[in-house]
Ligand code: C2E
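Next comes just one chain, in structure tokens: the form predicted alone.
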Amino acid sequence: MHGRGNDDVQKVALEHAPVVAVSVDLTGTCTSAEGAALELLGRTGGDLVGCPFLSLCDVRHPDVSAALRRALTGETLTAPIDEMFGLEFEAWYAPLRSPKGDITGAIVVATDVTARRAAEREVAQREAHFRALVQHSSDMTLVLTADAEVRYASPATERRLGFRTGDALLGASRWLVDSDDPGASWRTFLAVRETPGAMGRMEGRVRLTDGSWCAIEAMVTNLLDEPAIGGIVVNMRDISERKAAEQQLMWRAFHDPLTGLPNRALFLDRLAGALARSGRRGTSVAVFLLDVDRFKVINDSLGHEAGDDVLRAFTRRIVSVLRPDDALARFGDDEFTVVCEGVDVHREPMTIAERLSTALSAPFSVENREVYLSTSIGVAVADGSNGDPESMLRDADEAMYRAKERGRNRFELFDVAMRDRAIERMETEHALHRAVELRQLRVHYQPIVDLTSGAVAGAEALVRWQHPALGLLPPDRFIPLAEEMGLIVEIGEWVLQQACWQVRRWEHALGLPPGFAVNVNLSAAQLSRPRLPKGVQAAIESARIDPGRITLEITESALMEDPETAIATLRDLKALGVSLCVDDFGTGYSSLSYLKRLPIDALKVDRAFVAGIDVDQEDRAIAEAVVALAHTLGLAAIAEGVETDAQLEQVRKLGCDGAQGFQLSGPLSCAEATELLRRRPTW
């Protein structure tokens, strides 16, 4: 029964499986053939009987002949038949024996493997294609098993990272490590491993064989079910240069490139941290704002490269006197800040400020010459309960400006009074912005007297601010602020226009005497603007007055800011027909070589010399020299700030051509000045 059962199984297999069983005799001639594969071949068993077995194969491959020969000699084996009637088979060869054991032939059982071979070739082609893609690519590729063992490492991966086939990365320290979250890359791998076809992106670092790190960007793809791959593919790219560039950009965002110090943003962050710690510890924090006095002179005289050298040396000098935990930053061209934690509010801030000031007062060596700098320092102290970074900096800034106001090269500690002044200053700035728009500015006129005839020879236009709350403010209360705010040009143009129209009204109402002119002050900011001559011309033409009725006053210090440009601008102004006068002469340290080139008509003897002219021989000598110089150059000499009879008598004796001051008349409103000119008084 058992044998019968096997025969039945074989019969079913032959009828349904894609096989063909062929019996051959000792000559290799087919004696029988059966099996379902015959239908694939388009044959029947009878078609094959009597045919040589080798003739069934479309290709007479020597391997088929050899396999059949081995079976006929008693060997059982398996060998492929590359092509039989256009199909591929895997053949099993066995000898057939007689009851006595003699070999009478052989049986060949061939299984159709055409589809399987085609699939294998496709897989092989895809694998070859995959290898060709990654073998010569500069990108790095790993194929990992589900347990993170390296099945394949591309040449680029071996060269750059040192990974090789057989490396086990599971839990290894050389696996991708993210600097912020060391487990992030491994979790991404595990998540991708769970789902066929899943993808995940990783970015981190790989430790190299020399112990250094390589920044990597990787895409992980689960191709475990892909026959050609059969693994988890990790495509990696070296992004070390990009990361280095990002770090450099980040560094530049928070540091000063010249000195390498933290900039304002980073300093504020560190100051916030210091205040937070002081709040927990119950200590105080001091902030020092240092500003190099007149640093522009260094750049203008020695050049910006030398100025940079000075700033670097300045930085080293500050660092040399700071404590290890003190933080230094650079805010601007010549501004530095220091924060000191845990200070004794009663003595340490001023001690540190004095130490800084002393260290910075020593000369700096630049281009084989000694350069002396002075520094104004503002100090503010607070703790975590009553301070915030911006407020502390604002307070230190206010204290620093107080140091500058008091003569520079000193340090000041912020107090509440400074805050009140700062608030007042802010309110004043806000109000000043709208003063012109709201017609709150006024022009007063101070007479200039001809000392020969005693008659009024002209007047100086002086601006006043009719403040809605503070009353009539003199120029020294708001002109310096207007210069800082950049409003001085607008105010100066407005004063010129008002003066021109006032001359027009006086000519129409009174008939001004010959030679009468109104003096209008020009600021340094106006003098530096190329369109100044056109603006002056427009104001004169708009009022339809003689240009000779206007005298423009320029301070000596304003001329010396840029002498060559000033000379060119004054020549253009002179060509319009206006007169030109140098104000505050003797205080601006001008060179006589420049003075003789200026197309001017008059010099004003500064009030500082006139004030002591009757009691101080040096003041009298200076005033006398100025008058003599003016007359030698063919210029008029006008004394300003004449406050007493004695001073008036002295300027007459020195030969001044004109004078102005409270002894003669203070500044007058338009109405008062008009009445004075109508009376035509003499002194």
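Position 1 is the first residue in the sequence shown; the rest follow in order. For clarity, every value in this text was computed on a predicted model and none was experimentally measured.
Beyond the structure shown, there is the form predicted together with this ligand, which is absent from this document and is the topic of what follows.
Partner proximity in the predicted complex: D147 to this ligand, non-hydrogen atom cutoff 4.5 Å: The answer is no: D147 has no heavy atom within 4.5 Å of this ligand.
Contact flag, V495 vs this ligand in the predicted complex, heavy atom cut 4.5 Å: Although this ligand is absent here, V495 would touch it in the predicted complex, with heavy atoms inside 4.5 Å.
4.5 angstroms heavy atom contact with this ligand in the predicted complex for T375: Residue-level check for T375: no, no contact with this ligand.
P667, heavy atom within 4.5 angstroms of this ligand in the predicted complex: Yes, P667 is a contact residue.
Contact at E460, R464 and S523 by this ligand in the predicted complex, all three, heavy atom at most 4.5 Å: Checking in the predicted complex: E460, R464 and S523 are all within 4.5 Å of this ligand.
Stretch in contact, per heavy atom within 4.5 angstroms of this ligand in the predicted complex, of 635-643, 23-31, 49-57, 616-624: Going by heavy atoms within 4.5 Å, the stretch is 635-643.
One residue of V310, I488, C214, A79 in contact with this ligand, assessed in the predicted complex (non-hydrogen atom, 4.5 angstroms): When this ligand is considered in the predicted complex, the option within 4.5 Å is I488.
Candidate from S278, Q446, T551, Q502 lying within 4.5 Å of this ligand in the predicted complex - any heavy atom: The residue in contact is Q446.
Members of 470-490 lying within 4.5 angstroms of this ligand, judged by heavy atom, in the predicted complex: Contacts from 470-490: P474, P475, D476, I479, I488.
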